[in-house]
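Given as structure tokens, the chain that follows is alone and in the form predicted on its own.
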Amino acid sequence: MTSPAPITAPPVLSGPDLALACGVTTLPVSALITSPTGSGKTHLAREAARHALLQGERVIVTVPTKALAHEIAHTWADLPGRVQAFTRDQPSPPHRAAHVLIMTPERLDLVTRRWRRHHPWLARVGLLITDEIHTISDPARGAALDAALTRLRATLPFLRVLALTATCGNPRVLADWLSALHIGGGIRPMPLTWTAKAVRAVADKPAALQRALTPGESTLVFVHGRQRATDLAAQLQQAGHASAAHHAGLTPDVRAQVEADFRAGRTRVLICTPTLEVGVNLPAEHVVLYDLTTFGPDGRQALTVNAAWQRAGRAGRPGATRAQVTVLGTRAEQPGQYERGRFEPLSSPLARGEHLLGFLLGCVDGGYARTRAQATRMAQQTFAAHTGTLNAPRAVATLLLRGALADHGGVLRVTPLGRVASQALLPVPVVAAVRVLPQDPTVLDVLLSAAAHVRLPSLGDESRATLVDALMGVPSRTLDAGTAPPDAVIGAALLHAATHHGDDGAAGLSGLHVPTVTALREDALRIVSAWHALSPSISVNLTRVSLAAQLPPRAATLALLSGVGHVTARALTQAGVPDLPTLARTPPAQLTAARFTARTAERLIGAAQAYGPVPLAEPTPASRARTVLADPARLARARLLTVTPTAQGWTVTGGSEARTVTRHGDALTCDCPDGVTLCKHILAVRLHLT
């Protein structure tokens, strides 16, 4: 008699394994998968994409960053269809031939606003995979994801959505909004081991970090700022650790080399910013949460549990023997709170500030709403409305008041101002600012206006002075009038440096990272391009070309010609052709001597002659105003003072003591002890006289 076979319990499935067993990848259902990092969500998404492609459908994948879009496009290249990232880095839109398009939420937001243009391929999309959907709570970028998902689901009512995240405190609410099946759980291949270490003060953290490191162990240390990453990496190097910094301020080549060194073990400790939280795949054996407090749009903020676990999820390198997480914090920061993993509920910032206005403007621009009632219904379909309240009627009224929308007998129509703002993804007031440019503006005037709407990176006093001094002889009506805000002067000076010396040169002058300068220049370029689309003029167009080609305005006139980019423009300047009017008078032999073909030389010269006159005349800088410009901070203080004329001159009040300014010929003198020829009291008098 044989003994019965032992009865084994069936495996308990959860997370991505359960989703695969349930047929989520093949059934026509939407699903929200909440599962730890490393539990198989990416494999699940890949199989869902494979099945959709075999069914003849196209797939959209949203990821938080462009770098991640390109990484997934590379790793998914073996799928049965063309897989391609769809970002601004693409020389031409790849969507017509691609079967899987990977893009950021901002790109998908723009696609839904222009859905008619994309309809030939968009109508064939059957599956949307949205990775890291918890970023819908991000105060700065979450609104774009909410808006894009809401509009895309309105465009494609039979669209299946596969949403993935490791951290979500209200999965049922999110799944309900997505009309999706929720599957949670899942097992990390390597469980996390948490250690909370309290320090008496933030200043004690560097020493605590060194004590927490184990020689030879691959470690990621998360901080909140680029400078902190750089400084801390340098300190660890001095202490004998093979460390490096990783942040968005590195050039792509440098960042790739840093990542390669870490993967190869040449670098063991990487000090990184939150870009690695949802960035490229770069796991480690040990994760240290160093900065637990940061400053955001709402002021001082503690690191969220969601963000802490996203970063902690990087621990657990394949083949590693442990996944260690160390939290360094003061008692006030409560480092022990994160281990419990009580995730915060997700909500959307779309209802706040300009986000709701931008969403509704995009709905009218894209044809999703033609009446106030339709606009309200679209707003009610957002995740922001699903988890809170929003006031769509008031937002529509604001757009009407700002001139972005017009009401024609109850039918809403987008105005030219509204359309430009919608297509540029810019707030309406920023686009409308083109209307308050000074009359007959110079290129620097346009830069000054644009700089008032970009976020300026932090600069040291020496860098600020170096940049501003370069503007002393640059024509500008705004600077001559002394009406430019000091911060705008600094921003314009940095943009001016980028147009004259390139991003590399401007970074060298300012002490900033090159990508930081590039991002600032691209933000300004987006604004100036919108201004050019709304109100074309020679100065605005020349500024746009100068920013895009990183060329001084005179040389940028060459790039005004169709088909002439910054490379050809630079080649022309090297051939002794400084600007467009000169090109029109240049003999062909001069260009052929500089290695232009005879056909190209004739084409360029002919195009320049046909372009017509280019007005380059600009005002002569006023020396007095430029002296004021030398110190924007002092100018800002001068504007706060009160000037009262007296028989001897002027009395200046508003500072620590009243001061007397007197005139001696053309010169002004002050009795203050500052010891400078142009103190804030004299500046105040000069402003008063202006």
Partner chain sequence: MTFNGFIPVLTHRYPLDALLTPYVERYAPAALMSAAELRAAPGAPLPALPLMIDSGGYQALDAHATVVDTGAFAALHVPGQAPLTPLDVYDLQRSARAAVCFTLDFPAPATATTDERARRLHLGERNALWALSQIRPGTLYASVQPGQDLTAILAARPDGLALGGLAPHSADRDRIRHEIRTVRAQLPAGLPLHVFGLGHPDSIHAALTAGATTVDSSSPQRMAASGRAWTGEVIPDAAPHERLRLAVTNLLTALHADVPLALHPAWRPLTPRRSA
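Quick caveat: nothing in here was measured; it's all calculated off a predicted structure. Numbering follows the first chain given and starts at 1.
Separately, the form predicted together with its partner chain exists; it is not shown, and the next lines address it.
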Are 63, 98 and 427 jointly within 4.5 Å of its partner chain in the predicted complex, each by at least one heavy atom?
no
Note which of 172, 585, 435, 322 lies within 4.5 Å of its partner chain in the predicted complex, where distance is taken over heavy atoms; exactly one does.
172
Its partner chain in the predicted complex has a heavy atom of only one listed residue within 4.5 Å, and of 239, 411, 598, 123 that residue is 123
For the interface check, one of 78-86, 218-226, 541-549, 112-120 should have non-hydrogen atoms within 4.5 Å of its partner chain in the predicted complex; which one?
112-120
Can you tell me if residue 28 lies within 4.5 angstroms of its partner chain in the predicted complex, counting non-hydrogen atoms only?
yes
With the cut-off set at 4.5 Å between non-hydrogen atoms, does residue 176 touch its partner chain in the predicted complex?
yes
Using the partner position in the predicted complex, report whether residue 389 sits within 4.5 Å of its partner chain, counting heavy atoms only.
yes
My question is simply whether residue 377 lines the interface with its partner chain in the predicted complex - judged by any non-hydrogen atom within 4.5 Å.
yes
